[in-house]
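This document starts with one chain, in the form predicted alone, laid out as structure tokens.
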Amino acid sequence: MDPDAVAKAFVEHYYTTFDSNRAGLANLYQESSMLTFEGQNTQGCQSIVAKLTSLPFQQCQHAITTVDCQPSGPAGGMIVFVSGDLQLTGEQHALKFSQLLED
């Protein structure tokens, strides 16, 4: 399967789930997963989901502008770089965001 197509499908699923049901992201993380957000490291599935669900906004909409992927390691993993805009409900201007995902 085409790595770019896999990355784009994953990114679409991830951000659609983030925008509609952040708790639903739990099955995409492992206990060894790490989230770094504004200089704070959070490790493990439950801790990451707790962090994401405690963000100070309830509704948002991601608009993806960039999805770049590269192979990672001999086991067929991937590194995916995502950037775009994050529109928060009630805010006039979107925020810029970027995220690096690794499998």
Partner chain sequence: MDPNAVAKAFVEHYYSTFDTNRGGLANLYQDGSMLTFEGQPFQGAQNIAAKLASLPFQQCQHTITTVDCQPSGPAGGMLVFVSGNLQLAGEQHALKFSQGDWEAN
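These figures come from a predicted structure and were not determined experimentally. Residue numbers count along the first chain shown, from 1.
The same protein also has a form predicted in complex with its partner chain, omitted here; what follows describes it.
K.L.:
With the cut-off set at 4.5 Å between non-hydrogen atoms, does L100 touch its partner chain in the predicted complex?
P.N.:
Contact check for L100: yes, within 4.5 Å of its partner chain in the predicted complex.
K.L.:
Applying a 4.5 Å heavy atom distance criterion, does L52 contact its partner chain in the predicted complex?
P.N.:
L52 lies outside the contact set for its partner chain.
K.L.:
Looking in the predicted complex, any heavy atom of S47 within 4.5 Å of its partner chain?
P.N.:
Output for S47 is no: heavy atoms all beyond 4.5 Å of its partner chain.
K.L.:
Closest heavy atom of Y14 to its partner chain in the predicted complex, within 4.5 Å or not?
P.N.:
Residue-level check for Y14: no, no contact with its partner chain.
K.L.:
Each of M34, C69 and I79 within 4.5 Å of its partner chain in the predicted complex, by any heavy atom, yes or no?
P.N.:
Yes, all three are in contact.
K.L.:
Only one of N27, Q59, N41, T65 has a non-hydrogen atom within 4.5 angstroms of its partner chain in the predicted complex; which is it?
P.N.:
The residue from N27, Q59, N41, T65 that makes the contact is N41.
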